[in-house]
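We begin with a single chain expressed as C-alpha cells, specifically the form predicted alone.
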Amino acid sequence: MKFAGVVLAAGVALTTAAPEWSERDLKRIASLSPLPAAPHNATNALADDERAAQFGQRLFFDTRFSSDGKVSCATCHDPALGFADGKQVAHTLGKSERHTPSLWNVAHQRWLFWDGRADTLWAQAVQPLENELEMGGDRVALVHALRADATLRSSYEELFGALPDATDWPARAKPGRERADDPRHVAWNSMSEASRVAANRVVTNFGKALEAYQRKLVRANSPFDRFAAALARGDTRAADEQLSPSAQRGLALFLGKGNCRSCHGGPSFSDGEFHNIGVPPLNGGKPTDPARFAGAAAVLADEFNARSAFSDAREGEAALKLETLEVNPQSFGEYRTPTLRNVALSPPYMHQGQFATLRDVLRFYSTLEGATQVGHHQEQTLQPLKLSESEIDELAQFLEALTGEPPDARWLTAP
C-alpha cells in the first residue's frame, strides 16, 4: 500500500519520496558541484598546451617504450574500462600488489599513486615506464626510440627542442633502484654526467607530454551536477528530472547518516588525503604494506619531484607541499582517498580491488566486517553505518549518478 510517498511492507514504513532539503543541505550540496577546471600546474610549462596533449596521446598508446614491446600506458589504463584495467591488481610484465586506479579527472589529484609517492602527473608517468612489473623500460631506451621514429622525433623537438645526440650511449640504461648489479644501472654509471642529465631531461619531458594528455581526461556535468545546478536556481522540477527519488535519498544518506563527506567532500569528492579504513588484504592476514609511510619518504627523495631541477616552478605551490610534508609512522597503512566521480566506471574497488561492486563497498562500510587494524593506526572515527539493503541500494544509485559526460571522443583512442 502507498500513501503520500510511503509504502507499507510487512508493517514497516518505507519512504518512496524524494527528501525535502533544508538550507543546510542545500549549502552542502552546493559545496560538491560543479567540478572546476583542473588546478594549474606551474611545474609543467606545457601542461595545457594542445600540441603537448596530442604528443602525449601518441605516447600513451605506444607499446614500443616497454621492454617487450607489448605494454603501453593504455594497457593498464584502458579507455574502455574507465581508464583502468578491471583487475584486482595490475598485471602486465609482472603482478603488482595494488589495484590500477582510473585516470578520469586525474589532474585534480594532489598526490599520485595509492601511497602518494609522486607529487605531479609528469613525475608519476616516469615510474611505470621503468617499473619492472609494469613496462620494464628505461630512459635511455626511450631516447633511442624517440630518435628512431621520425614522427615522434619531430613532435618532441617542436615542443622541447633537439633530442640529445645519443650515438655513443648504451642501448639501455637507467639508475638501479631495485638492484645495483642491474646491467642497465652499470651502463648508466658508465655515461657522462652531462649525458645522464640529458636523458633525465628527455624522460621528464616524456612525462610532461603525458600529463598534458591526461589533463584532457575529464568527465564532468554528471546527473548530480545538473541536479545541484537546478536546485541552486530554485527549479525543483528540473532537479527531480536529473536524480530519481531513490538517488536523492542516497544523497541524503551521503550527507547525513553516512557522513561520507568527511573524506569524500568538495567537488572532487575526495579530501586528497590518506586514511586507513581497515580494508582486509586481498590474500588475508595482517596488512604489511606501509603505504603512505613509504610513499611520503619516496616523494621527498624523488629525483623528479616538484622542487627538482626538472620542475618548471621549483619554488611554487607544488614545491611548498613538500616543504611541509613529514614522514610519519602514524601514516603506516594509509591509502589516498579516491574520487567518487565516475566511480561506477572502474570496478573493482579499494587498493587491491577487494570489492567487486559499489554495493560490496557499501556493505563493508555498513558492518566493517573483517576490518583489520595495524596497531593503533586505523581511523578511529570510522564506525559501522548499519545500513539496510534499501539504503545501500539508494547510496549506490547516488554514486552512479556521479558519472559525468565524456570528453571529445578524439582523446579516447590511439591517434
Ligand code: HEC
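None of the values given here were measured: they were computed from a predicted structure. All residue numbers are counted from 1 along the displayed sequence.
Beyond the structure shown, there is the form predicted in complex with ligand HEC, which is absent from this document and is the topic of what follows.
The single contact residue among R201, R249, K174, H275, judged by any heavy atom lying within 4.5 Å of ligand HEC in the predicted bound form, is H275. Residue in contact with ligand HEC in the predicted bound form (any heavy atom within 4.5 Å), chosen from A141, A123, L210, V299: L210.
Taking non-hydrogen atoms only, L46 never approaches ligand HEC to within 4.5 angstroms in the predicted bound form. A residue is said to contact a partner when one of its heavy atoms sits within 4.5 Å of a partner heavy atom; H264 meets this definition for ligand HEC in the predicted bound form.
Ligand HEC in the predicted bound form comes within 4.5 Å of no heavy atom belonging to S244. In the predicted bound form, ligand HEC lies farther than 4.5 Å from every heavy atom of F160. Heavy atoms of every residue among F60, G258 and R336 are located within 4.5 Å of ligand HEC in the predicted bound form. Stretch-level contact check against ligand HEC in the predicted bound form with heavy atoms at 4.5 Å: of 311-319, 210-218, 192-200, 162-170, the positive one is 210-218.
Taking a 4.5 Å heavy atom cutoff to ligand HEC in the predicted bound form, the contacting residues in 71-97 are V71, S72, C73, C76, H77, A90, T92, S96.
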